[in-house]
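As structure tokens, one chain now follows by itself in the form predicted alone.
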Amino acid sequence: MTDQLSVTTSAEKVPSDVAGSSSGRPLRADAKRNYERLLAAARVVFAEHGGGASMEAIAKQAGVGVGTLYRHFPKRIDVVEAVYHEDVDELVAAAERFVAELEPWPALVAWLEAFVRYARSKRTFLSELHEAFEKNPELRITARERIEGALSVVFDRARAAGEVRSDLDGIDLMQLLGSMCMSATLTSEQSARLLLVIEDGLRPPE
């Protein structure tokens, strides 16, 4: 994929007020809209075409020119990282939202379902994600810490309320979820069934 991972436009040619988040500079309003459209488009294209999705397909889906895409994401791996960052952000925010809106057990169940959807979506571009982790090992470590923290928010609350057995902790649960979600052959229907089994196993013995 090296031909899709490079771009001839140099960083010096990218206007400072249009540069994407990869530059670390703030986006003006129209550039921010394009950035969000590109991320939404990348999700759609990755879901449809997996890791083989082209930059041109993402730009077309977003309704912008390829030049606009490259101004925000000079390399294809930058798109992958941006989508991944946003997915982790949403998973963390979901834990806070569920705790604010739901009782302890429903909040935990809702977050577990959100995690399974998150993990399943990553299987469409696993090779690119591994490349991102190799390029930036801290990306994996930070993301895992944030996800484990989000799980603790909903899990510890449910356990304190007596809704979860006391001899389990969030690390145990993450081990169960991780092994299930990373299977390349697991279907959506199987995921749903296995998640129900895990949820049943979390409940305190009667």
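The first residue of the sequence shown is number 1, and the count goes up from there. These figures come from a predicted structure and were not determined experimentally.
Beyond what is shown, the protein has a form predicted together with the DNA; the following relates to that form.
The closest heavy atom approach of residue 147 to the DNA in the predicted complex falls outside 4.5 Å.
In the predicted complex, the DNA stays beyond 4.5 Å of every heavy atom belonging to residue 40. Using a 4.5 angstroms threshold between heavy atoms, residue 56 counts as touching the DNA in the predicted complex. Within this chain, residue 174 is remote from the site of the DNA in the predicted complex, having no heavy atom within 4.5 Å. Of the stretches 101 to 109, 73 to 81, 88 to 96, 114 to 122, only 73 to 81 has residues with a heavy atom within 4.5 Å of the DNA in the predicted complex. 64 is the sole member of 64, 180, 143, 153 with a non-hydrogen atom lying within 4.5 angstroms of the DNA in the predicted complex.
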